[in-house]
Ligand code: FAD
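Only one chain is included here, represented as structure tokens and corresponding to the form predicted alone.
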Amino acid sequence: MQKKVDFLVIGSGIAGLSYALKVADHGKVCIVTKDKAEETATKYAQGGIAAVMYSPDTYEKHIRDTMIAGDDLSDESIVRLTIIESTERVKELIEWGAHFDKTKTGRYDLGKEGGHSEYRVLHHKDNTGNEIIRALLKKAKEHPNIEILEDHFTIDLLSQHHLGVGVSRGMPDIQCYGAYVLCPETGEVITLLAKTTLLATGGAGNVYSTTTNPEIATGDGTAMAYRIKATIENMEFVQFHPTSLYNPNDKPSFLITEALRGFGAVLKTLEGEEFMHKYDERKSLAPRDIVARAIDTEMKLSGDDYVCLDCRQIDKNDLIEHFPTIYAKCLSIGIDITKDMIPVVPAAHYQCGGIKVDEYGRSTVRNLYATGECASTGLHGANRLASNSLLESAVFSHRAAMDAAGKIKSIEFYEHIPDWDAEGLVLNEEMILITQTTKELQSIMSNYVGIVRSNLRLKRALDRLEIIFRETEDLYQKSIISVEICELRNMINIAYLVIKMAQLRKESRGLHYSIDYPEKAPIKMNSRR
């Protein structure tokens, strides 16, 4: 079966939905999402969206904070355009129906998070992302030009590969013609031809055993782009959120937002001793890479499985009013955060690298855009500043939409793509092979490619990854297609990219810390500047 659309959007978070709403007046849009449309990483974003709204904050202050957090690897021109456009993009979300908390005077009740020098984080209590998705999805479902295919899985992007043409990374004219999309319910694979394609597939936290990401975050977009030879960069910079709720039975790990520390909560040992002053003068409000490494060090020194976040000094009513989701979650497992310290542990949280794009979200493959967490815009550098991710999605999806809409009439469909061929493939009933390999992969990444790395650990990880890569590719080639085998294949691709790029970086910078190269290199490696 073939299907044609002007704009193919893969992913239904803030990046995909905001783009779709802007291009929908210029042609037919199809949003493909592997789960229900609202089930995205955006939905789980508690803290908020950073933007300059009021004095004494300024664009220059926000730019400086972002550059500092990125550890000299952010592209200053990209940082500048993102921050300068922040206010307009937030106002647009508000016009679309998103509600952000206000004070009694009617001003937005701005929060302050780690790495920020001013109060500039707009929020909707502690479920900001969910509020944004609610508003955008409502508008998208009302638009006559937008079709949403829920519970459909994108297998691979279409390019010259499918015409029997050999391509190599760096070729000047690799093109994207759409995607093969699986309907798991029927087993049918749709050849979805598109003039332009946007990848807005989010992150890849599930390559690790412990992550705040939903189960859908398996790196699909980055892996698909890699397989058609798009340029991928900075994958070594995996951000571990310092404070996920320590509750081993939870998957995904429940996030304890950084906004809680911005509100006055303090990190302590199990004995109730503060420790962040030993690592950074900003203490509990230091950037995430510093806080995560500090917690990791304290846990190794003490042998404890977690540290604690203490918010007992905050007014009880204020605490419950501003963080009702966290209060309810902790209470459900017997922790009253107004009386008890919260057990917390770092968890894989955000992919700072990804598909390299320019200031309009254009990848190195023609007619293929990427925005949101799967994209590497140059904003985050070696470490993302808290609450800059939703902002980045809004800014670059706007820019990508303007670019794509402006040239859609000049692009023709490429209609010579063969349909999916499943002849000779058999139904794989050995699901244990997939589930066990997934656990192996997550164990390799968590034990060897985590917060602290070394040459030996990375080599051991790569050696073991090569074995499961060969086994999985063999299984993939022989089996009738399934979501599970595709996700495993994508996660293996992501793990390979993280390990190889970590091996190439002979320094410690931002989120990448190596005991073999503890110092920052004087020459900026892979910098976009």
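One-based numbering along the sequence shown. Computed from a prediction, not measured in an experiment: that's the story for all the values here.
What comes next is about the form predicted in complex with flavin-adenine dinucleotide (FAD), which does not appear here.
- With the partner omitted here, the stretch from 27-35, 463-471, 493-501, 61-69 that lies within 4.5 Å of flavin-adenine dinucleotide (FAD) by heavy atoms in the predicted complex is 27-35.
- With the partner removed from view, the residue among Ile78, Leu255, Leu192, Ala404 that has a non-hydrogen atom within 4.5 Å of flavin-adenine dinucleotide (FAD) in the predicted complex turns out to be Leu255.
- Ala200 is the sole member of Ala200, Ala382, Ala225, Val207 with a non-hydrogen atom lying within 4.5 angstroms of flavin-adenine dinucleotide (FAD) in the predicted complex.
- The closest non-hydrogen atom of Ala51 lies beyond 4.5 Å of flavin-adenine dinucleotide (FAD) in the predicted complex.
- In the predicted complex, Gly361 stays away from flavin-adenine dinucleotide (FAD), with no heavy atom inside 4.5 Å.
- Interface residue remark: Ile216 is counted as part of the site for flavin-adenine dinucleotide (FAD) in the predicted complex, having a heavy atom within 4.5 Å.
- Within this chain, Ser74 is remote from the site of flavin-adenine dinucleotide (FAD) in the predicted complex, having no heavy atom within 4.5 Å.
- Although the partner is absent from the chain shown here, none of Asn234, Phe240 and Gly450 has a heavy atom within 4.5 Å of flavin-adenine dinucleotide (FAD) in the predicted complex.
- Scanning 386-406 for heavy atoms within 4.5 Å of flavin-adenine dinucleotide (FAD) in the predicted complex gives Ser387, Asn388, Ser389, Leu390, Ser393 in sequence order.
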